[in-house]
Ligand code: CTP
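The chain below stands alone, shown as structure tokens; this is the form predicted alone.
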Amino acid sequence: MGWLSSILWAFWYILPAYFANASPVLVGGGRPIDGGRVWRDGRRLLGNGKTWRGFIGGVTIGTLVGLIQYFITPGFYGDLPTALELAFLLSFGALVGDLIGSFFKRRANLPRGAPAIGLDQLGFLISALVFAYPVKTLTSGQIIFLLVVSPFVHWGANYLAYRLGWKSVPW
């Protein structure tokens, strides 16, 4: 496999995580995952921005993206159950990584929506890759590519969502 096709497959592989991470902006709202609970430091565990609707909606959208990908390139996944499992794990992992990032942002006393360079752009990615590892993984070169390109994809997606009025801040 040439380097260009290798990085294109890496991008294709991670799409469920990207969609899962981005979609709570559109489908979120409602009851917070932390239920309003606070940590020992007196700050919320996660905050109002992390909701069950956003989490479940994000996992669902990411998994559906993987299902669509399967029908476009079935050879990439092998079979439908593997495609669904991989898409689910990438999506679930991305949102767990986002929750972990939110937890640490609350500990740092950052307000909801405040940027945390690196944590916002890579936490979801690293968690998604860890969760999906048992099913299908990437080469180290592909992972490095995603670590380099994901911050730019994240910033671009956030800016687009801001311009479309879906987010109140461009980060």
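Note that residue numbering begins at 1 and tracks the sequence as displayed. The structure presented is a predicted model; accordingly, all values stated were derived computationally and were not measured.
One more form of this protein should be noted, the form predicted together with this ligand, which is absent from this view; the next part is about it.
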Candidate from T51, Q69, Q142, Q121 lying within 4.5 Å of this ligand in the predicted complex - any heavy atom: T51
Answer key, this ligand contact in the predicted complex at 4.5 Å (heavy atoms) among L146, V59, L46, A132: the residue is L46
With a cut-off of 4.5 Å between heavy atoms, is K136 one of the residues that contacts this ligand in the predicted complex? no
Does this ligand get within 4.5 angstroms of any non-hydrogen atom of S102 in the predicted complex? yes
Do A108 and this ligand come within 4.5 Å of each other in the predicted complex, heavy atoms counted? no
Would you classify G29 as touching this ligand in the predicted complex, given a 4.5 Å non-hydrogen atom cut-off? yes
Would you mind checking 134 to 171 for residues with a heavy atom within 4.5 Å of this ligand in the predicted complex? K167
